[in-house]
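Take a look at this single chain in structure tokens; it is the form predicted alone.
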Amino acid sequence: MRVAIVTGGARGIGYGIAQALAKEGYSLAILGRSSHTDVKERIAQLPAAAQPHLYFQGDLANAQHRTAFCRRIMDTFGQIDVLVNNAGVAPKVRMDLLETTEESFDFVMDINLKGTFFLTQQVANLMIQQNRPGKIINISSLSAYAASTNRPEYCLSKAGISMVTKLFALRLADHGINVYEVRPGIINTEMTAPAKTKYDALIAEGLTPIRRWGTPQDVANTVSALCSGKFSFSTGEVINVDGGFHLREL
């Protein structure tokens, strides 16, 4: 049996990752804010090769929820092989950098960065206690380096995830735990739906060398490859899944 945690795994990119790992035989522990009723059908559709998948309704920003989630995983499965830090939120309202509020800043940073950091810390300690190889994969964004002045808190949170990757990669290498960062680009999900017309035009004009939207499956395929063990001599790596957006052309 292999067990993978996927935060935010009940929809969007996270659900694509959950589908890919479930097909490969992982038992999943999914953390999300949606109610069990809202996600029950989607969870039931995931193939189950080993024990039934676990869905835990909780807030990544809440320390008690994180602890209860980890306790439930160990009580249910007794092990953790992979952690995919996918959960993230955008600002409820995009505001200019000079008008961004502390409330919006705290909302985004508490989930995207603080919650991810401390869940990773907790899971890393459990992995060390297991004394077996593990993988931690952080889903960041092109916003880790591409500045958007109308959502600064989101950009800062994703830039922080890049440093989280480096820090844990260094600290956990001696324990056989590899840490990676996956940077999605423009991915077709509920989060990007409001900007579809804008991005359709930009992509057509050559914003990305590969002129199409990315899909959750594109990200999931990358996560799957990193979980395969074929990158065992790599850690701290950043994989761009962005259609080539990160390239610079004159």
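One-based numbering along the sequence shown. Keep in mind it's a predicted model, so treat the numbers as computed, not measured.
One more form of this protein should be noted, the form predicted in complex with a small molecule, which is absent from this view; the next part is about it.
- Only one of A220, I43, I186, A29 lies close to the small molecule in the predicted complex, with a heavy atom inside 4.5 Å, and it is I186.
- Candidate site formed by I5, N125 and F168: none of these residues places a non-hydrogen atom within 4.5 angstroms of the small molecule in the predicted complex.
- Partner contact region in the predicted complex: 87-95, out of 172-180, 126-134, 87-95, 72-80, criterion any non-hydrogen atom within 4.5 Å of the small molecule.
- Although the partner is absent here, A18 sits far enough away that none of its heavy atoms falls within 4.5 Å of the small molecule in the predicted complex.
- At the 4.5 Å threshold, heavy atoms of I111 reach the small molecule in the predicted complex.
- For the chain shown alone, G236 is not a contact residue for the small molecule in the predicted complex, no non-hydrogen atom being within 4.5 angstroms.
- In the predicted complex, the small molecule sits within 4.5 Å of a heavy atom of T192.
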